[in-house]
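What follows is a single chain, given as structure tokens, in the form predicted alone.
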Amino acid sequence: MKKGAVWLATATVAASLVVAGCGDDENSTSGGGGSSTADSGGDVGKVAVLLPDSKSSVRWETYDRPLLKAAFQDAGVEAEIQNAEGDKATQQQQAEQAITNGAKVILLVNLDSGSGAAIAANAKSQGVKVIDYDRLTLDTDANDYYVSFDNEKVGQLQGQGLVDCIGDKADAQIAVLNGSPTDNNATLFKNGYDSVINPKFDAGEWTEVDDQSVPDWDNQKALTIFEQMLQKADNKVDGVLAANDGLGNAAISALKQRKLPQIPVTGQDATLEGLQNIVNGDQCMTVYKAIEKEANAAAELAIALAKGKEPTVETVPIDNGTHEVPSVLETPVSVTKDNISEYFGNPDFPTKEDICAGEVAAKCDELGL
């Protein structure tokens, strides 16, 4: 399903700044495009935000869209936000149309590096700046900036989380569910957690039952893959390194379907589902990446470029295989049942009321949340 575009108005009232969910933003449109503002001294270009999907993680529509929308509105910069719903051809068409519509900056979450590089190359040929958002596009010189988290650190937190949850259990049987093989972030996550768990395998302290990647971060495919892992291991699995909360929940679902006991399962993204799994004891940890910080950093870069200014954001160089991309990397943190309450109230973290709703309420009471 192709998401409808929306040009974010410069004079929208504050009540419309945050709109969660997957729906179109057409109702928020007002005013014209590309007008000058007092602090820019000239015409302000438009920004196109290209999100990847709404299935691999709820973050894109629940957090990234409204946070980016609010940041651009506050700055008086028009921004078109679209979601490709996992279709590379759709994302390329969205990019081309956005440029036709006057976008001077593209904030891109690529579906893979190949299609992302094609979008970036076309943008560069037309004088449009490209900011890789969350996922670095490899092997292209057409990306101008990259904003994400320290993704190897994310993986290290997952690996250490599993180590802590497994404890001193001898010869633990471990299954590994990696993210999409076409997502560079998934590679970085794996580099991080492999650096922690591979020494356990090498030392004979743990046994690796299986290690597979999940195409497109597809949770249904993850369920099938993990069911096959369980069958291969005769249901003897003591822990799961799952690369995000969706994959972790797929593993948890398979365990429950077979009426197997709870075992440590990792995750990432601090989704509502993942946090409820932690409270219920089905998942031992997740990684919280403060999306507000990532979104605001990306918006700050995009706003400066849209206004024809040189960004003043502090960056570090990241090699994408072709050139060193000026990059902003935010810091992730590990979340367990012991520290989950520290993040209540953060705008990109599920509320206590949502986490502790329904059948989870009793578990929240047990944990003193």
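Don't overthink the numbering: it's just position in the shown sequence, from 1. None of these values were measured; they are calculated from a predicted model.
There is another form of this protein, the form predicted together with a small molecule, and it is not shown here; the text below is about that form.
By the criterion of a heavy atom within 4.5 Å, residue 286 is excluded from the residues contacting the small molecule in the model of the complex. In the model of the complex, the small molecule lies farther than 4.5 Å from every heavy atom of residue 115. Not displayed here, the small molecule is approached by residue 268 to within 4.5 Å at the level of heavy atoms in the model of the complex. Within this chain, residue 59 lines the site of the small molecule in the model of the complex, having a heavy atom no more than 4.5 Å away. The partner is not drawn, yet in the model of the complex one stretch among 254-262, 234-242, 162-170, 184-192 has residues with heavy atoms inside 4.5 Å of the small molecule: 184-192.
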